[in-house]
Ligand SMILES: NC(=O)c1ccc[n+]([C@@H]2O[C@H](COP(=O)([O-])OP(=O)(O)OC[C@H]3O[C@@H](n4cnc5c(N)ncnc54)[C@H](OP(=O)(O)O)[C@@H]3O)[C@@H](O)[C@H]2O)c1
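We begin with a single chain expressed as structure tokens, specifically the form predicted on its own.
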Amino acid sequence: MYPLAGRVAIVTGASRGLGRAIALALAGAGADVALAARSKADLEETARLAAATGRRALVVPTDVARYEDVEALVARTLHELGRLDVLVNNSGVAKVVPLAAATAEDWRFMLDVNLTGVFNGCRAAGPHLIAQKSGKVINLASVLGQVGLTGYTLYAATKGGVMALTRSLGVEWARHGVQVNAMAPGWFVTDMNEAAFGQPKLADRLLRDVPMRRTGRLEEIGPLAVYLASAASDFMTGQTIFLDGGHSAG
């Protein structure tokens, strides 16, 4: 019933949305969790919900674009929770803008969080996971790293980079007993996109390419995260798993 009992997981972007759902699923499966994001108040709410499962929850305000912050996150997790077994690089940002209208700041904004943030997490946690010869890294990609959509070119490029990083790092760390995989969600309604899905015509457009004709439910992301964090996925590495209602298969 508790496949992650005795484990400790870091979840970035855990203040809301998919990150909060993933963190609560890991805690529900028995893991203690270190919760990272920029919003301390929202992290504390996630921690309160995680603590209700009986697990320890550590709040660490973190800007994943800053390596020093992520390094401190890993150090605090090891010091206060005693170990590190799972790293979920979930933090992400998006801005819908046609490439011809995009600025260098738009590009840097998404690149710094969506891709450099994943690099920072892997770099900071890697030496520890390699030394203990075990660990799970779960990176958050996106269906838009696989399929094209107008206005999302910059975002898609960063998520395609996450998929490539996952594939190569999975190969690189396989001999160390560390598995690196990615989840690629399709459309889930979160704070980031709820305004778009509140517009019926736009929502219909976004779901037109989804065979199931619906968005994902937050409770549907957690079980996949638990699987990738558990021993059940020990023979899987370098893979990106799409959770998208068939969008990438269409």
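Numbering starts at 1 and runs along the sequence shown. Source: prediction; values computed, not measured.
Separately, the form predicted in complex with this ligand exists; it is not shown, and the next lines address it.
In the predicted bound form, this ligand lies within 4.5 Å of some heavy atom of residue 63. Of the heavy atoms in residue 159, some are within 4.5 Å of this ligand in the predicted bound form.
For the chain shown alone, residue 142 is a contact residue for this ligand in the predicted bound form, at least one non-hydrogen atom being within 4.5 angstroms.
In the predicted bound form, this ligand lies farther than 4.5 Å from every heavy atom of residue 225. Across the options 204 to 212, 187 to 195, 27 to 35, 48 to 56, residues that bring heavy atoms within 4.5 Å of this ligand in the predicted bound form belong to 187 to 195. By the 4.5 Å heavy atom rule, the three marked residues 15, 91 and 155 all count as contacting this ligand in the predicted bound form. Listed residues 81, 113, 169, 124 were compared with this ligand in the predicted bound form; 113 is the one with a heavy atom within 4.5 Å.
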